[in-house]
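There is one chain below, alone, in C-alpha cells, taken in the form predicted alone.
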Amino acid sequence: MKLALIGIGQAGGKVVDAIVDYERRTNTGFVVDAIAVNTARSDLRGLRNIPESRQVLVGLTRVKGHGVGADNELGAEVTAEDVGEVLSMVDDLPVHEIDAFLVVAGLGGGTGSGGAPVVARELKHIYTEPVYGLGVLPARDEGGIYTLNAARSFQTFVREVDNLIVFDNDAWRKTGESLEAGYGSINAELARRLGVLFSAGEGDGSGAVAESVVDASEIINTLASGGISTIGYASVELDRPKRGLLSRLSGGAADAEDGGDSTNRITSLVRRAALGRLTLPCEISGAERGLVVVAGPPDVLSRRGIERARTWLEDETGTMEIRGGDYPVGSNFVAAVVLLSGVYDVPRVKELQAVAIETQRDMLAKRESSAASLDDLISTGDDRIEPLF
C-alpha cells in the first residue's frame, strides 16, 4: 500500500521519521513521501530522515518558532491559518501514486493534538484518497493537561479521518527507561508494525510472489469500518540449521512435518498477535473487521495456517469480515500482524475521558478561586492608592 505520511508536532514527526527509517532499511517502498509539520523549529531540526525541504514550520508570526506550549487550541488556530503551506507541499506529491494519506500526531501536546484534525479535514475536502489518522495517547504520568488535550483531540480527530489507528504510550513505556530511550524504542516498535502491515503487497525486492496477496484494497476495506483501530504483532526466529538437517535426513517425511510445523507456527503467531500487546489494549470481541498478514520466507508460509488463523479470529471477534494473506520476504523471521478495526470496548479511552472531565473541572474551579483571591488581595490595599489606568 502506497502512503503519503504527514507528521504533525514533535511526536508525529518522530514517528514518521521512524517509519521512513524502517521503510529504507527494509527496501519495501510503501512510503511515497513524508512531510513534517511543527510550530517549534527545534523539533524539526531533530528529524533524521525527513529533509528540510519536506518540513513546514507553521505559526511563525504567532509563536516565533518556539511551539505552542501544550495549548492545543492555539495549535489548531495557527495550523488553520497556515494550512495552505502544508497543502502546497502536498500538491508536490505524486498523488496518483498513493493509496492513502496517514496523518500522525501525539494527542497530548499542543501542535499535534490541535493541528492534526485541521490537516486531516483539509485533505478530505480536496482529495478522494482515504485519510487515516495515527494518534498516540500520552502516558498516565505525563500530567493532567496532556490527558485533557488527548481527550479533546481524540474526539475531534476520529471524526475528521476515515479511521483512527491508536497507540497508547502508557501500555508500552518501561519503568526505569530514559525518555529518549523509551520513546525511541516505542517509535521503532510502532514503525515495525505499521511497516509490515502497509508494505504487504509491495514486496521487499526479492521477487517472491504471495500465494494469497494482501494488497491496498484489503487494507482499505478493513479500515472502511471507520472509528478506531488497533494493531497486534508477534514474530519468531526460524531455526534454519535444524530444518535443513531434518530435510536432508528424512526427505519427504520432513517436508510433511514442515508443513504441519508451518501451519502451527502461523496459527500460534496470530493468536499471540491478537491476544498480546495491541497498540491500543481492548477487548477484541465485537471488532467490526479484521485483517491478518503473515510475513516470512515463502517456503514457510502456509495457506492452511493462514486460513486456520482467520477462522480462529472470526470466532474470537464474532465477525465474518476477517481478511488475510501472506507477505513473502527474504528474512529469517516469521511475523504476524493483526489489524482490528471498529473496536469499541476500550477501557483506556473511557478512563482518559473520565480523567479529562475531572481535570477540566479542577482547572475551572482553580481559575475561579484564583480570580476571587486576586480580587480580595487587591481590595485589601490602601484605598488612597490610585491605579495607573
Ligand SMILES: Nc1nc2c(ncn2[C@@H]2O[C@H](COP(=O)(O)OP(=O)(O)OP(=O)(O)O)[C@@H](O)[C@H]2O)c(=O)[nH]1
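Numbering starts at 1 and follows the sequence shown. Here the structure is a predicted model, which means the values were calculated and not measured.
The form predicted in complex with this ligand is left out here; the points below concern that form.
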Query raised in the report: Should the three residues K14, T111 and N169 be counted as contacting this ligand in the predicted bound form, with contact defined as a heavy atom within 4.5 Å for each?
Result: yes
Requested in this report: May I ask you to choose, among G305, G296, P138, G195, the residue with a heavy atom within 4.5 Å of this ligand in the predicted bound form?
Outcome: P138
Report task. Would you kindly say which of N163, S199, T317, N187 lies with a heavy atom within 4.5 Å of this ligand in the predicted bound form? Result -> N187
**Report entry** Stretch from 47 to 55, 338 to 346, 25 to 33, 62 to 70 whose residues place a heavy atom within 4.5 Å of this ligand in the predicted bound form
**Finding:** 62 to 70
Query raised in the report: Are any of the heavy atoms in F157 no more than 4.5 Å from a heavy atom of this ligand in the predicted bound form?
Result: no
Query raised in the report: in the predicted bound form, does E142 have a heavy atom within 4.5 Å of this ligand?
Result: yes
Query - this ligand contact in the predicted bound form: D43, any heavy atom under 4.5 Å - result: yes
Query raised in the report: Taking 4.5 angstroms as the cut-off for heavy atoms, does G133 touch this ligand in the predicted bound form?
Result: no
